[in-house]
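Below, in structure tokens: the form predicted alone, a single chain.
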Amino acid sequence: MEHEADIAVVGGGFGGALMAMVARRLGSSVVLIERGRHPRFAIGESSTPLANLFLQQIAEEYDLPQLLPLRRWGEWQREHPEIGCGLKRGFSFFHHTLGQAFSDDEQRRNQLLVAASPRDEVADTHWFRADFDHYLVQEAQRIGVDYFDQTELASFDEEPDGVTLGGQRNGEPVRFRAGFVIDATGPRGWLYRTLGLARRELPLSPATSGLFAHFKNVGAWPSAPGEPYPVEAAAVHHVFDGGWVWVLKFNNGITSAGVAATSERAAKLGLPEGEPGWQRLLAKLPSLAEQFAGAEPVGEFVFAPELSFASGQISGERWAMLPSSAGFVDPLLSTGFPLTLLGIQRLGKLLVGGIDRADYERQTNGELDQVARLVGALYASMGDFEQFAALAQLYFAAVSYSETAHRLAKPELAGSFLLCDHPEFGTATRDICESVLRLAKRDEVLAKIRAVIEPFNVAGLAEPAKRNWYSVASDDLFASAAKLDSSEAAVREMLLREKLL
């Protein structure tokens, strides 16, 4: 069997399906090629306000209105209750000492709660990927994308007039002829292996491993009066020296949970053993063990021996990788979704000549590197939660500023993820992260962070009186209008338009 198309997208996850839809809307004929079969298990599940904004921009720019209900919890529940997802009102962090129950003091020094939305209706979501990816593939087919699942590709032959991909589908030989190929198969993915590409080292990124699964019958983490949102209506992070555990609850009775840890900590815990390693970890986190006392895994545990990765080359004359294939740092801070959605937007421009390969490579690698530096500094600070929480606010300051700038129609203020291209914020963030790895004094690091985020702090962060609980407050945005070259009236109009007020 032989099939011809202008664009071939390899990998049928959410990124590949969205990329195929964008290419189709640009007028190209598109084939979407998937090794497995939907619905299928996939990890990477927690969205963010910035990711949802990029999803909205893709929907509006490429006439894909079917994507719009997926940007917010309320719309999603009304339009697609059959697609599993979880309510995400913000980010919750709790610091644990291994071997001890979780405890805190009146200043809440062992927790950090940062709200991302003022109420459930406009909240973010966790994507239950088995349902979510399947839906997007069906929508891609509906608008004219040719979909081929259970297809194992084995060869990539590039010629002056196009590319030929060869392999098997259901045991039969199959070939695809395309003018351009986009790899959406994830880190260490198909093109990286097939082309024998070199690996690139990510700056400051520690060697880490991961172990994860889906569960049912997971108990509740206790909430406290006055919290900015119910703790579990969030991406919950349990941090300990050398690693962290995530807990994401979906509305279908399933909870996604896993651990990412330095290779040294993973080996001590025996994480490569799978479920025994998970139980060994819970035994060292008594409060979390109580929450999971009645939990049962749904499917197998998955162990990832090496999380961080970057390809030394991410594009060629007739091919390119999505950021999710170009590299991966860590699930901490949920950076994968916005990076992938930004990459889809940029590759859409690349396909029509709006940017060139060099621009795409520079932007993608620069953002991956910035994430790697921040994550590396956070891992180095997991034993010192005051420093960890301060470093995390570099992330929250950058993304809240960026989202607000875009919603105020001022994208020039925030043209890169984590403001990595910003001459002040980007450079200062790199310096701070490097100083943490050089074991700079904590007080010096904290002072630098406060100074760096102040001109970009539109969310009321770093205020001691809030004691590590940060609600969404419109007054913080009104007071920060000048930081966005805007006015209180313009900010109010934006909040009303976006139903955030």
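The structure presented is a predicted model; accordingly, all values stated were derived computationally and were not measured. The numbering used is simple: start at 1 and walk along the sequence shown.
FYI, the form predicted together with a small molecule isn't displayed, but the following is about it.
**Study point:** Proximity to the small molecule in the model of the complex, single hit among Thr255, Thr364, Thr404, Ser324 (heavy atom within 4.5 Å)
**Key:** Partner contact (heavy atom, 4.5 Å) among the options: Ser324.
Exercise for review: Just give me the single entry in Leu26, Leu68, Ile43, Ala440 that has a non-hydrogen atom within 4.5 angstroms of the small molecule in the model of the complex.
Suggested key: Comparing distances to the small molecule in the model of the complex, the residue within 4.5 Å is Ile43.
Review point. For Phe337, is any heavy atom within 4.5 Å of the small molecule in the model of the complex, or not?
Key: It does: once the small molecule is placed as it appears in the model of the complex, Phe337 has a heavy atom within 4.5 Å of it.
Point to revise | Touches the small molecule in the model of the complex: Leu87 (any heavy atom, 4.5 Å) | key: Although the small molecule is absent here, Leu87 would stay clear of it in the model of the complex, with no heavy atoms inside 4.5 Å.
Check your understanding: Heavy atoms within 4.5 Å of the small molecule in the model of the complex: does Thr151 have any?
Key -> Result yes; Thr151 sits at the interface with the small molecule in the model of the complex.
Review point. Can you check whether Val163 is within 4.5 Å of the small molecule in the model of the complex, heavy atom basis?
Key: Contact with the small molecule, no.
Check your understanding: Among 378-386, 138-146, 185-193, 411-419, which stretch has residues with heavy atoms no more than 4.5 Å from the small molecule in the model of the complex?
Key -> After filtering at 4.5 Å, what remains is 185-193.
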